[in-house]
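Quick heads-up: it's one chain on its own, the form predicted alone, in structure tokens.
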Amino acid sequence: MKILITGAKGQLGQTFQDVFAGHNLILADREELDISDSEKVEKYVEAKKPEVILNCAAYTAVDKAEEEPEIARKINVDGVKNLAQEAKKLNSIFVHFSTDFVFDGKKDIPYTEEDQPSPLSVYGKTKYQGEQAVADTGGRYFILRTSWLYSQHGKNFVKTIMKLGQEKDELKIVSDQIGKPTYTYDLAFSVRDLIDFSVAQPQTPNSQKFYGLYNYSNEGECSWFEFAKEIVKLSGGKARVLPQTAYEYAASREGVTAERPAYSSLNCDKIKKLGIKTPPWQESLTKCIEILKSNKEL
């Protein structure tokens, strides 16, 4: 297949390059394609004619988005709409990634695809508006809501804690925010399965029911504190990991201005009914850390 990957240099984009190796990949990062420019997107996509568009481009700086709402909106809403419209014109499969931050965290059981979003931050609001832009455009689309992404690529919580766990004697980590860590490779393989399923489906009015919104995260929930403890243990770090509240964390650092959901676990029953696996987060974390250790990342 001919597959366009936007945000190709990010950790999700790099993961998809590995998972779809062997396909005809068109790699676009911000230097190649400004997704917020509708004319450039139209010309680029029409020239390349991809069968699948994987939109890994996003504004993800949660706190900075509070200061730059218009920039966040251009990427997370306008850019997404531009890509979705071009995908629909070509009848291409469009895959877009959203976040657990579309919820306010007031529930105490995992959020389903039917729960009404109520984002607390500019980042969360723009990601939800991006979802709406895709749904309003229609076509053959998948929206994957996911959470707490990490991998051996780019900057992420796992790599940061592995490094600090070796360097520091003590780490204070937020213990009152609960969610589900997600290994980007598990997410990417689930997307590959969705695409394979959809390609195999005959194009009928009924087949449209297969597309839409899905939650995907690894199995099991934890706090950032519990996640960090497991990272330090598995990577052989020396640091003691201590709990702190989100309020204490924000008070101790400059620039932490965005409100985050206290509970944002995602219910993945819908995607699991398709036969797609959601491995336990501890299992996937172990796999990722072994790869990082073998690559001498520590």
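Start at 1 with the first residue shown and count on from there. All values reported here derive from a predicted model rather than from experimental measurement.
Same protein, other form: the form predicted together with a small molecule, not shown, and the subject of what follows.
Segments offered: 193 to 201, 122 to 130, 158 to 166, 107 to 115. Contacting the small molecule in the predicted bound form at heavy atom distances within 4.5 Å is 122 to 130. In the predicted bound form, at least one heavy atom of R30 sits within 4.5 Å of the small molecule. For the chain shown alone, T99 is a contact residue for the small molecule in the predicted bound form, at least one non-hydrogen atom being within 4.5 angstroms. In the predicted bound form, the small molecule lies farther than 4.5 Å from every heavy atom of S235.
The closest heavy atom approach of S92 to the small molecule in the predicted bound form falls outside 4.5 Å.
The partner is absent here; in the predicted bound form, the one residue of I35, I53, I271, I231 having a heavy atom within 4.5 Å of the small molecule is I35. Contact with the small molecule in the predicted bound form, defined as a heavy atom within 4.5 Å, holds for exactly one of V45, V241, A58, A65, namely A58.
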